[in-house]
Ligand SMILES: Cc1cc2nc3c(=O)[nH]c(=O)nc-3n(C[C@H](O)[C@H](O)[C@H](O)COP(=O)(O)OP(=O)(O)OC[C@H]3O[C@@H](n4cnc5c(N)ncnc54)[C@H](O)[C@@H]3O)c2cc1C
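Just one chain follows, in the form predicted on its own, and it is written as structure tokens.
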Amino acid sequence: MSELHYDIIIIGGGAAGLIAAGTAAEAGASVLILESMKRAGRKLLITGKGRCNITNNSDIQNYMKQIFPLAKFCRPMFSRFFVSDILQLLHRLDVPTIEERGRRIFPESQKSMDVVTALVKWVEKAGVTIKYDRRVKQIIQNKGIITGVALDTGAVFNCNKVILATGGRSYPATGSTGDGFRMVRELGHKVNTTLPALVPLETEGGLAESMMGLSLRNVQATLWADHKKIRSMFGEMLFTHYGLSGPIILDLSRDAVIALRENKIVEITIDHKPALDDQKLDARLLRELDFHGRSKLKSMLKNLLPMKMLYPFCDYVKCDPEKFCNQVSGAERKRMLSGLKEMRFTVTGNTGWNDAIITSGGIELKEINPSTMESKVISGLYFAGEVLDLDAATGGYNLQIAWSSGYVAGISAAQLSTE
């Protein structure tokens, strides 16, 4: 059963799919979005904890440091559609924005729904047809050229071009089930191993759980694999009942998950006083112990650590919190110093796809033209968003990849379809 013919069919109505659709339609193409969920932008609704971290207002040089595994692939797309372009579009759609700490951009209303609603209205006004609750089973090609798509119902939609914007495997409840990877494998594309990224980490023992709910600021977390330092992040983190979370932990999680898959010993150390080196912190400990000589250790530690951490910390460094400060030995002081500078957690796993913000891995970038986002394997097939083997740090970088790749895929497919 065959239905109408379109210039471009976009599989997926998320951030990348919506930008691709609106861009292509405004360029004159007839466009159909096939969305597997009952509404568009489901994942976009939950980004930034429901506030939608639209982008990060930093330069391309900074972006290159935040993107993995091949940041330079993004240069052509960023040169055509970058931070100012997505903000200009949203402002045109009456979505004012504000900049927060870390140069993160949010809608002024603090509601992701406003972003989704504006984008959906934009594409519909541009003439895009959106069909919801439609699951694509197969991308149809003939002799290496796109001819249409088939749904799981048997319905077939004919087209000249397909833009695959199905997302990765993270937050599957929003529709990101990994179907896109299966479809492109059937067409001969290589899909690199997909793993959860920007995901909370599970740790061994009860130390993290004993501090559950405690959020720390201005600490430094360092990731180790087989006792070799991988990288460090400075900022905020959170202790949970299963282990570690928060921005800097999420940013380290990509490498942690990969190292665990390689059966390496994975650890994270927390430096609670990164502004002080060992010598300066030891001198401060000596001063504090001397000044609080007749007070109990737990009282002195209030000057160094949050209340919720006092007893877990003392247990970790094997010091009696009820002991008087003037009775603390040199060996105990050294253990406290070590605990303050290098509290160690053994990472045993992650909380999985349901909690992962983004997917690490995806469609092999060597098989995609970065200037057009078109496949080098199948003519007329384009890619945008999380299906690509690109992922980035927290802070709006991943959404900017979606906006930029969506724009380039949309404008490139439209130009070729309408020529």
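No experiment lies behind these values; they were computed from the predicted model shown. Each residue number is its position in the shown sequence, starting from 1.
Note that the form predicted together with the ligand isn't included here; everything after this is about it.
Trainee: Even though the partner isn't displayed, in the predicted bound form is V31 close enough to the ligand, meaning a heavy atom within 4.5 Å?
Mentor: V31: no, not in contact with the ligand in the predicted bound form.
Trainee: So, D389 and the ligand: in the predicted bound form, are they within 4.5 Å at any heavy atom pair?
Mentor: D389: no, not in contact with the ligand in the predicted bound form.
Trainee: In the predicted bound form, does T147 come within 4.5 Å of the ligand, counting heavy atoms only?
Mentor: Answer no; every heavy atom of T147 is more than 4.5 Å from the ligand in the predicted bound form.
Trainee: Would you classify G410 as touching the ligand in the predicted bound form, given a 4.5 Å non-hydrogen atom cut-off?
Mentor: Residue-level check for G410: no, no contact with the ligand.
Trainee: Just to be sure I understand the contacts: of D251, E202, E267, D179, which is the one whose heavy atoms reach within 4.5 angstroms of the ligand in the predicted bound form?
Mentor: Of the candidates D251, E202, E267, D179, D179 is the one lying within 4.5 Å of the ligand in the predicted bound form.
Trainee: Among 164-172, 327-335, 251-259, 270-278, which stretch has residues whose heavy atoms lie within 4.5 Å of the ligand in the predicted bound form?
Mentor: Within 4.5 Å of the partner lies stretch 164-172.
Trainee: Since the partner is left out here, which residues of 278-292 would have a heavy atom within 4.5 Å of the ligand in the predicted bound form?
Mentor: Nothing in this stretch is in contact.
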